[in-house]
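Taking the form predicted alone, here's one chain by itself in C-alpha cells.
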C-alpha cells in the first residue's frame, strides 16, 4: 500500500501517525493560567530534544474549531497571554487510568486534578504544579512555540521548553543518575485507545557489536 498524505483527510493522517509511530512516551503536562488555575493533560506527541541545554517538547494539536488547547494557551509566553511555563510528569502504571481520564474535554479553567483525584504539589521554580503521584517530573520554561498550521483543525504546535528542575522519587536514580526502569514503570501509547507497558526490556550494545550478537 502506498498513500499520498495530500489526498487524505487530516483525521486519516492522524490515524497513520498514531498507529505507525509506536510506542510513544506520554507527557502528562501540567500548566496553569494567569490566575493560577491548574490544567492537566496527556500528550503522546512528545520527546526529549537535547541535553545542552536540557530541552523537552510536546505537541498539542489544535481543536476541531482550530482553537488552541488549554495546555498551549497556558504554556505560551506571557507576551502571548500565557504563563510561559509547564511541567512534564512521567505517566506511570500506578495511575494510568487517571492519565487517560485527564484527556476529558473540560471548560477552560476547570481542573483535571479535581476530575482525576490526582494531587497537585508545588513546583520548585515554575508556577504550574507537579503531579505528586508521578515518579519523575520536569519543570520547564517555554523557549519557543512553532505553529505548523495556525487556526486550522488538527494543526500542530511544537512547545519547546528548557528543563529548569528535575524531580525524581527517592530510590529511582542511583548515584550515577541511572534510572530504575522498573521503578519508573512508564507507559507508552499505541494506536487508537491502546497502551503498552515497559516491563519487557532487553539490552543491546551500540553499533556493529549489536550485529555481532545477532550472528550477522
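Since the model is a prediction, treat every value here as computed from it, not as a measurement. Numbering follows the first chain given and starts at 1.
From this point on, the text means the form predicted in complex with a further copy of the same chain, which you will not see here.
Although the partner is absent here, residue 146 lies within 4.5 Å of a further copy of the same chain in the predicted bound form, judged by heavy atoms. In the predicted bound form, a further copy of the same chain sits within 4.5 Å of a heavy atom belonging to residue 165.
Proximity of residue 126 to a further copy of the same chain in the predicted bound form falls outside the 4.5 Å heavy atom cutoff.
In the predicted bound form, a further copy of the same chain sits within 4.5 Å of a heavy atom of residue 48. In the predicted bound form, 59 is the single residue of 59 to 86 with at least one heavy atom within 4.5 Å of a further copy of the same chain.
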